[in-house]
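Okay, here we've got a single chain as structure tokens, the form predicted alone, with questions on binding and movement later.
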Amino acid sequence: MDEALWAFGRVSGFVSLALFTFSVLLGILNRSGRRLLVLPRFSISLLHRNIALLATVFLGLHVGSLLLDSYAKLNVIDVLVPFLGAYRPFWQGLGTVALDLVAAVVVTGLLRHRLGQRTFKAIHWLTYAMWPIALAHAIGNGTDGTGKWFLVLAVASVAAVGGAVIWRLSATFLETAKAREGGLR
């Protein structure tokens, strides 16, 4: 049973990271105001939100399965308080920090209407910190983190997200966004 929990913990962590990567890309695209192929902007927003939710579910499965696995030897303190774990405390602590950031984004997302849009957006920016922290956790603490196949996927993910951020912050995009805002007022 422990081998099954260990394997499930590894796979669910990888799936969660892949889904978070896709969600970050969709979030960047959604904020650009541009269409994705034939999808209107509201569809991109829904897709972004649902993929992020699915990524969060897989993150819960990742943490839950490793809590139950006697080989991983995680306890609740390791999951809640960063850098106290017995196995690779720094890398495991990064996973805890990423989990805490996801929790903050999820809670503020659920309380979005009570907190207001400005607070929600400010806390939602934490995803730009969460994603690379989670990726570093996967590389440093994951069983497959230094495997060639994983590193190729990690480099491709970094290139995709980095490219999207550069595209989002490009002068052409910023000028288009300012013109669009000016036209809406």
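So that there is no doubt, residue numbering starts at 1 and follows the sequence shown. None of these values were measured; they are calculated from a predicted model.
The following text describes the form predicted in complex with a small molecule, which does not appear among the structures shown.
A.B. asks: Specify the contacting stretch among 135-143, 151-159, 114-122, 61-69, defined as having any heavy atom within 4.5 Å of the small molecule in the predicted bound form.
C.D. replies: So the stretch in question is 114-122.
A.B. asks: Can you tell me if residue 84 lies within 4.5 angstroms of the small molecule in the predicted bound form, counting non-hydrogen atoms only?
C.D. replies: No, residue 84 stays farther than 4.5 Å from the small molecule in the predicted bound form.
A.B. asks: Would you please decide whether residue 39 lies within 4.5 angstroms of the small molecule in the predicted bound form, comparing each non-hydrogen atom pair?
C.D. replies: Heavy-atom contact with the small molecule at 4.5 Å: absent for residue 39.
A.B. asks: Looking at the partner-bound form in the predicted bound form, is residue 99 within 4.5 Å of the small molecule by any heavy atom?
C.D. replies: Taking the distances in the predicted bound form, the answer for residue 99 is no, it never comes within 4.5 Å of the small molecule.
A.B. asks: Taking any heavy atom pair closer than or equal to 4.5 Å as contact, tell me whether residue 80 reaches the small molecule in the predicted bound form.
C.D. replies: Contact with the small molecule, no.
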